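Single chain ahead, by itself, as structure tokens, in the form predicted on its own.
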């Protein structure tokens, strides 16, 4: 398990961390440990869902982004924006306004990534109609869920639909379109405005693809603050006379990133599940072969899907309402003839090229439960884990620096921890006379840092 499989957008700042263990306790894949009073990330367990980011009370966990100024290295600077960005703004703020500000900030092109769904939708439906087993197929839209399946439910990787997400489809389209216009490849920079950490990680180390068409990733909260400030202060149009070309989106594309956005467009019996704990609960049942008779699963890591991303600024419920209202308005305009109902956007003109390049390679399982590459050795280690569990209390208190007793047992077998880190084992050893109170204290200081135990004098003062 020494090989690092994934790039991670979540970064832990040890100089800020206070070792409170909030992050460890909320992590759905048990990817965090406490050592020396600081949180440490186990790279191959993390899926970049961002629950730790939200739980940290001191801002010790940050989300990386590319330097905004790198956009100016390119002559053609494309901002790929998700529809959920528009849902961050009050309804009076238009797509034209937001796009104009983005161009004033330095972008030469603005394009909504959900246009990619116009090419992807039929391909996904075909995939589902041609499935050859009774297990539901699963979307690869949410990269945190793809990684979750790789590390926690590796037997289910075969059920993932091996097609690119709308983001990648749109990036491929725009890159090819600019090439066809005569621009040199080295002059094209495509930058995605992301609502979450998982999409950053997916761009930096794509799953099922060798590389990405996306040049860089910029955090949505950063862009939102810049754009909304400009809109409120009326700076639109003062630095440029460029009017962005904005293609109208189909209503289903507008809500594609919302919960039930994909599922509502797919054939057969479908189910949409959001929030990673709910997804885990369902996949545990699915992995146990419980019968569901479902054709397609839309799985999202965040509550209310992308509207609940950790880099969004607006309340997720307001954001979803805005998405649905925008979709309804788009449908109304088509029905009223204000937008030709069956008009295909320019991306569909590239459907042949995109469909030739829409498939991704097999997604490899990366089981976090794999104790060793050698099956025989792994069986020995698993036996040792079960033996250790017989000596542990099954209370999952986390005082050992691992989130669960089972995590501690695995850490011990892998040589990353000791049985004496368990406070219950320590107390038993103290009773037996095989460990002194001083030795027990030394172990706890190793886990939680000496600072926490220097509070004893203050406690005595309070008691007095």
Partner chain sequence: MHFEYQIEGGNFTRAGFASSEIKKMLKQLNVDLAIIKRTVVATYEAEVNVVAHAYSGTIYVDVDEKKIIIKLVDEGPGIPDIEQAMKEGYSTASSRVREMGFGAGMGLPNMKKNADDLKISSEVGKGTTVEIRMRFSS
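Positions refer to the first chain, counted from 1. What you are looking at is a predicted structure, and each value in this text was computed from that prediction instead of being measured.
Not on display, but discussed next: the form predicted in complex with its partner chain.
Colleague: Heavy atoms within 4.5 Å of its partner chain in the predicted complex: which stretch in 226-234, 79-87, 147-155, 167-175 meets that?
Modeller: This holds for exactly one stretch, 147-155.
Colleague: With a 4.5 Å heavy atom cut-off, would you call residue 48 a contact of its partner chain in the predicted complex?
Modeller: Answer no; every heavy atom of residue 48 is more than 4.5 Å from its partner chain in the predicted complex.
Colleague: According to a 4.5 angstroms non-hydrogen atom cut-off, is residue 347 in contact with its partner chain in the predicted complex?
Modeller: Output for residue 347 is no: heavy atoms all beyond 4.5 Å of its partner chain.
Colleague: Using a 4.5 Å heavy atom cut-off, state whether residue 133 contacts its partner chain in the predicted complex.
Modeller: Although its partner chain is absent here, residue 133 would stay clear of it in the predicted complex, with no heavy atoms inside 4.5 Å.
Colleague: Answer yes if any heavy atom of residue 373 is within 4.5 Å of a heavy atom of its partner chain in the predicted complex; otherwise answer no.
Modeller: Yes, residue 373 is a contact residue.
Colleague: I have 221, 260 and 324 flagged as a candidate spot, so tell me whether each of them has a non-hydrogen atom within 4.5 Å of its partner chain in the predicted complex.
Modeller: No, the candidate spot makes no contact with its partner chain.
Colleague: Which residue, 379, 128, 328, 271, has a heavy atom that falls within 4.5 Å of its partner chain in the predicted complex?
Modeller: Here the answer is residue option 379.
Colleague: Please identify the residue among 284, 91, 187, 122 with any heavy atom within 4.5 Å of its partner chain in the predicted complex.
Modeller: When its partner chain is considered in the predicted complex, the option within 4.5 Å is 284.
Colleague: Within 390-417, which residues come within 4.5 Å of its partner chain in the predicted complex, counting heavy atoms only?
Modeller: The stretch 390-417, when checked against its partner chain in the predicted complex, contributes only 410 at the 4.5 Å heavy-atom cut-off.
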